[in-house]
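Next up: a single chain in structure tokens, the form predicted on its own.
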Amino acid sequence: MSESVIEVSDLTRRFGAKTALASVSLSMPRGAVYGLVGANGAGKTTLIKHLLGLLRAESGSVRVFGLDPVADPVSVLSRIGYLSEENDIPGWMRVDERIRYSRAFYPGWDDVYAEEPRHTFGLDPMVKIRNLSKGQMARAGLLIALAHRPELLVLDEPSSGLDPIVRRDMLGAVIRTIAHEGRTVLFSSHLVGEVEQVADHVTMISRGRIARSAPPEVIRESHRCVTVRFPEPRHRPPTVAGVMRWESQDQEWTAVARGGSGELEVAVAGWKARIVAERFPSLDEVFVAHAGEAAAPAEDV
């Protein structure tokens, strides 16, 4: 667990005038599920492309298994399974042909291991890829990513556009076949609730910067959602130290605050208002408060 699979230090990347990543640093030790969450365009895919060696760091450094993925792509990529929203499996191939084609690139390919998810996913080996549904294509892509028993599985928005049942099956397969075997998963998504279900550690990224990075329960329990009822409707929220975001419903305003609610309680007494509810926020509420933008909530699965 002490060995870092991924080490990123002060990584910055610009595309013209746009800063896609700004001094991003993160470390991912072996044997856990890491969630990378952010709205579309936040910088998640740009970060992943650096990890895969598809982009060279303009400043800072990127190491995967202690290696530079740009300088030593074969040694790095042979140990990674990768699945993205953009499935690039050729449509003219049958499922079994795609499996045989992929097997040739990985000495560690395990036919028995690959057969289990194929059977679980209900993939007919004789069906052409172009005749698969979107959900079946995603399952086929996951099978290819898993079958050589990668040390690191990178999932970049793998379930975008899929129905809740397919998403549940895919997440279940990841947990069973990777995390329980002591390997590592990097799971990038704009579906905050989906990440929250499976991740041991969550990194929130917004506009190319890390907003928060910690285990989900630590993130939630270090914030409070506090609903305040005022004697009469307010058009603007009050300013209180530690409060990151307010949302209003007539006379009631709900604050997302860092730490405890002590400062807010003192302020409420002076407003002749009262606290009517207090709870830990969801991960999505914390993300919106930190980033000032909403990532999409996941459907129930």
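Here the structure is a predicted model, which is why all the values come from computation and not from measurement. Throughout, we count residues from 1 along the sequence that is shown.
Beyond what is shown, the protein has a form predicted in complex with a small molecule; the following relates to that form.
Student: Taking the small molecule in the predicted complex, would F15, A42 and T45 all count as contacting it (heavy atom within 4.5 Å)?
Tutor: The answer is yes: all three residues contact the partner (heavy atom, 4.5 Å cut-off).
Student: Identify which of D169, E85, E196, E151 has a heavy atom within 4.5 Å of the small molecule in the predicted complex; exactly one of them does.
Tutor: It is E85 that has a heavy atom within 4.5 Å of the partner.
Student: Heavy atoms within 4.5 Å of the small molecule in the predicted complex: which stretch in 58 to 66, 251 to 259, 45 to 53, 270 to 278 meets that?
Tutor: Only one stretch qualifies here: 45 to 53.
Student: Taking the small molecule as it sits in the predicted complex, is A20 in contact with it (heavy atom to heavy atom, 4.5 Å or less)?
Tutor: Contact with the small molecule, yes.
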